[in-house]
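The chain below stands alone and is given as structure tokens, in the form predicted on its own.
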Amino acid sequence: MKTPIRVAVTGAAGQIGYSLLFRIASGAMFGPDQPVILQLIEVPFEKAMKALEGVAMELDDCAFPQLKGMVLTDDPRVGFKDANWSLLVGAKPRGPGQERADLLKDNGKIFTAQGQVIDEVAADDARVAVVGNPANTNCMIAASKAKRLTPDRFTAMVRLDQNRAQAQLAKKAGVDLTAVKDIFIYGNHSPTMFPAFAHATINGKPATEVINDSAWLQGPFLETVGKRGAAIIAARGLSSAASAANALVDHVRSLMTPGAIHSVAVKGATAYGFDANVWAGVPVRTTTPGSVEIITGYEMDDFAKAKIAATNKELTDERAMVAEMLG
């Protein structure tokens, strides 16, 4: 039997966590022959820990053959101990009327502490995937606290945006989802992110030829993908949960699959004009499990360059807002 992978998950009893944990335990993230140990972290409140106990009962009742153990804790030092993967899902949501700068600073405190603890106690091969918003900047904050783990160990998720973009292009073209390839996300996981439709293909043809409607591509398509989260909140009264969990499964599985080509937010995407110190979504190729190289060969037209400049500005502005937390 393979050695179990230890997977730490924050916000484990939350909506995303509830959709995520069963997928991990079933083998969807690391494969059906890879045992896992789930290290589930919640905030230190009785209600949250009781909810986590209930989730653990359900995981037991599923009788997943690859689930080899669980740790339930409100102590990050226990939860991140020897973790091979730390999935940082939990974050403070934006409150009514709250400014983005205040949200960044509130969550910055959370990710400062988590980055320090992960660096101290996680496994030597530790990898970190950040989902809690603002994901790119939270990832940057956590990585800035690491002395042992290098920045390439930290990624932020833009896969939900990629999946949304792929689905919208398929619907517009009237084709099966699998016909859409090479739609990548550039920049921040926010409404400023840019799905580079000019590089996508549909049944092997350029997407811009199959969907010969630049007004739709530059307008409603970008707006739908960029504001999809808000639309889901308006429709169901709650933020994206199952789709976010599914995207995280995709994110990690692609990072563990050599040769996979996908969108990930990483540091150092200067080839596309991003600031060297921010984490920005770009197309990557997985080289070895957990490691990627940025694909730099895509040419950008003036429209794309303007969109990338706007999302880069947002990322550098966010970095400036939390400057005192870095390092």
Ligand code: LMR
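Start at 1 with the first residue shown and count on from there. The term rigid core refers to the maximal set of C-alpha atoms that superpose within 1.5 Å between the two forms. Please read all numbers here as calculations on a predicted model, not as lab measurements.
The protein also exists as the form predicted in complex with the named molecule; that form is not presented, and the subsequent description refers to it.
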Any non-hydrogen atom of Arg164 within 4.5 angstroms of the named molecule in the model of the complex:
yes
Whether Ser239 contacts the named molecule in the model of the complex should be assessed with a 4.5 Å heavy atom distance threshold; does it?
yes
Would you check, heavy atoms only and a 4.5 Å threshold, whether Asn84 touches the named molecule in the model of the complex?
no
Closest heavy atom of Lys172 to the named molecule in the model of the complex, within 4.5 Å or not?
no
The one option of Arg253, His199, Lys145, Arg100 with any heavy atom within 4.5 Å of the named molecule in the model of the complex is Arg100
Would you mind picking the one in Lys105, Arg153, Lys181, Arg94 that has a heavy atom within 4.5 Å of the named molecule in the model of the complex?
Arg94
Suppose contact means a heavy atom within 4.5 Å; in the model of the complex, does that hold for all of Thr112, Gly115 and Ala323 with the named molecule?
no
Here the chain appears without its partner; judged in the model of the complex, the stretch of 203-211, 172-180, 253-261, 226-234 with heavy atoms within 4.5 Å of the named molecule is 226-234
Check each residue of 130-163 against the named molecule in the model of the complex and list those with a heavy atom within 4.5 Å, in sequence order.
Asn133, Leu160
Please check if Lys81 moves between this form and the one not shown, taking a CA shift of 2 Å or more relative to the superposed core as movement.
no
Shift of Lys181 between this form and the one not shown at or above 2 Å (CA, core fit):
no
Given a superposition on the rigid core, I'd like a yes or no on whether Arg94 shifts its C-alpha by 2 Å or more between this form and the one not shown.
yes
